[in-house]
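Taken one at a time, structure 1 and structure 2 that follow are two forms of one protein chain, written as structure tokens.
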Structure 1
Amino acid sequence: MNAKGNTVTAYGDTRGDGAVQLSFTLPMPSGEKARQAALVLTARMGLQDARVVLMDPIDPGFTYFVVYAETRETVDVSTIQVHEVAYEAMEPEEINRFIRETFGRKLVVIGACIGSDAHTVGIDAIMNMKGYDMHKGLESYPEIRALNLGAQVPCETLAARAAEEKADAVLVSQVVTQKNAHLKNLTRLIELLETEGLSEEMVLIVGGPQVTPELAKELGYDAGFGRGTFPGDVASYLVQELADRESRRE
């Protein structure tokens, strides 16, 4: 830890001990040779004082390891720049009241998994009535008309439906990332919305396990949400962003 308290390292039993836990599989049958191979590999990663605490044969010719070790590396967190989505978290009751008082109408929000992506867990968690982890989705908000188009929705279909419904916001979920399919799909949707002159009128939000705020902005979206996002997070950002836009137009 430096004088300003900005430098940190891994924490295990004692602050600053550099303790880490590593797990991996080697394509080797379980045995002493495999154990030594795991230790050599750990040492070549720059870790020290490694100990194999689990060596589990998971299949003929494959062994799973858990290794405890220590690192001498540190990181100065003051040098790290993070671009977070800026909003003030609000409770559902606050959000609905804010919509009534600010806009005087229901907001229209359309969501979908685009392209070949068939993973609806993320978009359903945000949009569907039941939500997840005791956080109800946007369908439960009386002041939001939430339209979940589901999975494998062509970008052209989503863009056309957003225009037809005069949506206030478009929520896109992308999980499939093989061969950068998510980047192609997200870029294609932005191109379509820009062509129709809709990208400035609607709040465009993208979510998924590989999504970061930086990536979202780079692709032309207003905000990006990753793992651990609840419906209230999206709704809070959405209503505040729409209100800011209206105030700028006045």
Structure 2
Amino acid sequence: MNAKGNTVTAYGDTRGDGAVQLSFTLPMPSGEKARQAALVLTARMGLQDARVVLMDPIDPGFTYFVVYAETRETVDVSTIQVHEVAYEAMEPEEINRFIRETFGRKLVVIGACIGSDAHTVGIDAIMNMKGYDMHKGLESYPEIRALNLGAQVPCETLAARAAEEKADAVLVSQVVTQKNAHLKNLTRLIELLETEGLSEEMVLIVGGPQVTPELAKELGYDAGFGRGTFPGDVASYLVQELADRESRRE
């Protein structure tokens, strides 16, 4: 952050220089006209001092550009709203103890990769014994009953099982985002859970490499976890959120 209080901007090698690198393709043959078009496009982004450092013909109809330019925009970080999932990181033993002491019963967590999405590695990383990068998954928590339904689970199946198991939390994974496939699936699920009156009762958690906290909120989920999440993150959040809800209910 620089002298002007809390504002920041991009940094290359001099405070405030605003250095930004861009790349993109234009559907036109390479040449001076294309280079100018690239500069116009960059200027439309409000960037200054743009330099086309690469103009590479991909084929007669497409040209690839690498551009360096400078932004004059700054961001006042004190005004930034963080949709961060709020929780204190806890160790597995702590979490288990917390569950015993706070709820006096095992928590039930049900997870799945919904729709046509078959990428289970992410949800497995969170739920299965093996876990992720040496962090064991929720199955390894004695106080959590973790049910992982796996790949390509229809939303209906997941909602039905969640109701049947009286789950405390539903964990959904979505990895394929092309043509916004994830938005469609996630919206479908939340609508289903709402019509069945389950969305209030359970903590709804969504995860995946392109999931962000703000996306989760927007779609009506309680929390969203992205790349590099560990099982402990999810468990810590979950027990704290459930305890909160309990105390609010009292």
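Numbering runs along the sequence of structure 1, starting at 1. Think of the rigid core as the biggest set of C-alphas that the two forms share within 1.5 Å after superposition. Computed from a predicted structure; not experimentally measured.
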### Task
Assuming the other structure does not fit, state which one is the form predicted alone.
1
### Query
Among Val82, Gly61, Asp56, Asp133, which is located at the hinge of the rigid-part motion between structure 1 and structure 2?
Val82
### Message
Treating the chain as two rigid parts, how far in degrees does the smaller one rotate relative to the larger between structure 1 and structure 2?
### Response
24
### Task
For Val75, give the CA shift between structure 1 and structure 2 in Å, the superposition being done on the rigid core.
5.8
### Message
If I align on the rigid core, how far apart are the two C-alpha positions of Gly46 between structure 1 and structure 2? Answer in Å.
### Response
10.7
